[in-house]
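In the form predicted alone, a lone chain appears below as structure tokens.
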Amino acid sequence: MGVLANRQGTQQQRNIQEPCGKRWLAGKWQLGGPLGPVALRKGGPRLVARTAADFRGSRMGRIMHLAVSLDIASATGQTSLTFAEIDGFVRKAEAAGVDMVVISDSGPNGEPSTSPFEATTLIAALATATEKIGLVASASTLAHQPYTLARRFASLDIISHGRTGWNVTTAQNPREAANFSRPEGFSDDDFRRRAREFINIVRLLWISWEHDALLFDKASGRFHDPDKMHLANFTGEFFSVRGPLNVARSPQDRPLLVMSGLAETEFDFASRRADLVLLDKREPSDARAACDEIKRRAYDAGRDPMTIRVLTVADARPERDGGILEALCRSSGCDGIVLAVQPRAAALEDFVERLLPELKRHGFAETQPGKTLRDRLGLGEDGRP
């Protein structure tokens, strides 16, 4: 029986039992034992076939999730998108069945943006104008403190009725630190360690309250059940946070944690913490290898690989049609695709009028049951610590 040692040195059983000599390779479990994986159940063991299809669905029959990435940052001299243009685009994407839109507001290589919008306040406005589409905003670990960022996204998740996610990148913006009292910035190693600590604190704060912890009982004078309130009591190398968060539990348990811009050295952390990983623009074979590696590491960490989604990122260029993008998605072995759309009115119109109908004909943007972003992605509630 496989076991996993946690940081306190205790051990917990894995949900999926691993055989002697098993490894995840080339999109499936390669087994060294004669019987394959064994899962325990009442009445004795049973054999479980663990293949790539178990974790991602069959190559030809699985759901292909569709997301749109929109960086609203405008370079000097470029006309910024108006709110009406962004709002109209997101509404049309929602009507077509797109799972989520990822909004960012930072220019490439730290270049300043002339856009009047900030990503998290923009998705707050979009949340009131939409009903189903997931709304993910990029927010830096340098520009915020863990408590304030956790509070902001918890509040956004309540406003959107469980459709919010936080996209965190572990790449350092060379210009950003100077705006937050760190003109010298951080070394790459310090930045990564600080970002990991930041993410861990945010995740702890998001589960400060159990779902039924807040009572608001005027008769008894009880605001909450103290046994269902959990302090973070986190003291680390860079931050010290007591908690609890002063916002109720998220409608979807936790807002979605999305990680992008990952180097291979960050796969371990992402495989333990992320709900969704966005792979930067890669060749399909490279995307497949990265997807398999992340899910293998999730399994090795004692996590069911079905609880993490991996999407490959591609440009929504005019020469790409639905067939090309379907082939790219399927050959990548990922759970879907994120299409990066240029922040120009003409590019938004081309995506909505030309590409979206083609994508639907090729099996993208199929409506999924449920109300929250986790529901749309088939993730369910996040029970991990």
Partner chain sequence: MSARQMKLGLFLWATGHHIAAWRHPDAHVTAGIDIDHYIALARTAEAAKFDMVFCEDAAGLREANVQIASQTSRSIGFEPISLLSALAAQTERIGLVSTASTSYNEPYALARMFASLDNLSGGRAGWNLVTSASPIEAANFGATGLRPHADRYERAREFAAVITGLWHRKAAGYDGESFSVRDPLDIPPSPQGAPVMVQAGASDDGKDLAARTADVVFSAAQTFEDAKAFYDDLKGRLAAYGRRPDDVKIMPGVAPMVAATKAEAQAKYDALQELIPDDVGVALLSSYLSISDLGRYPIDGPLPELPESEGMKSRQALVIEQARRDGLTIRELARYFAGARGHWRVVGTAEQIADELQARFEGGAADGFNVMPSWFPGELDAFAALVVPELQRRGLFRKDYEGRTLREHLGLKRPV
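Keep in mind that what you see is a predicted model, and the values were worked out from it rather than measured. Positions refer to the first chain, counted from 1.
This next part talks about the form predicted in complex with the partner chain, which is not shown.
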Mind telling me which stretch in 297 to 305, 263 to 271, 245 to 253, 280 to 288 gets its heavy atoms within 4.5 Å of the partner chain in the predicted complex? 245 to 253
One residue of 192, 228, 92, 151 in contact with the partner chain, assessed in the predicted complex (non-hydrogen atom, 4.5 angstroms): 151
Just one of 81, 313, 156, 207 has a heavy atom within 4.5 angstroms of the partner chain in the predicted complex, so which one? 156
Report whether the minimum heavy atom distance between residue 200 and the partner chain in the predicted complex is within 4.5 Å. no
So in the predicted complex, does any heavy atom of residue 113 sit within 4.5 Å of the partner chain? yes
Answer yes if any heavy atom of residue 105 is within 4.5 Å of a heavy atom of the partner chain in the predicted complex; otherwise answer no. yes
My question is simply whether residue 147 lines the interface with the partner chain in the predicted complex - judged by any non-hydrogen atom within 4.5 Å. yes
Using heavy atoms only and a 4.5 Å cut-off, decide whether all three of 188, 323 and 325 touch the partner chain in the predicted complex. no
Check each residue of 113 to 128 against the partner chain in the predicted complex and list those with a heavy atom within 4.5 Å, in sequence order. 113, 114, 115, 116, 117, 118, 120, 121, 122, 124, 125, 128
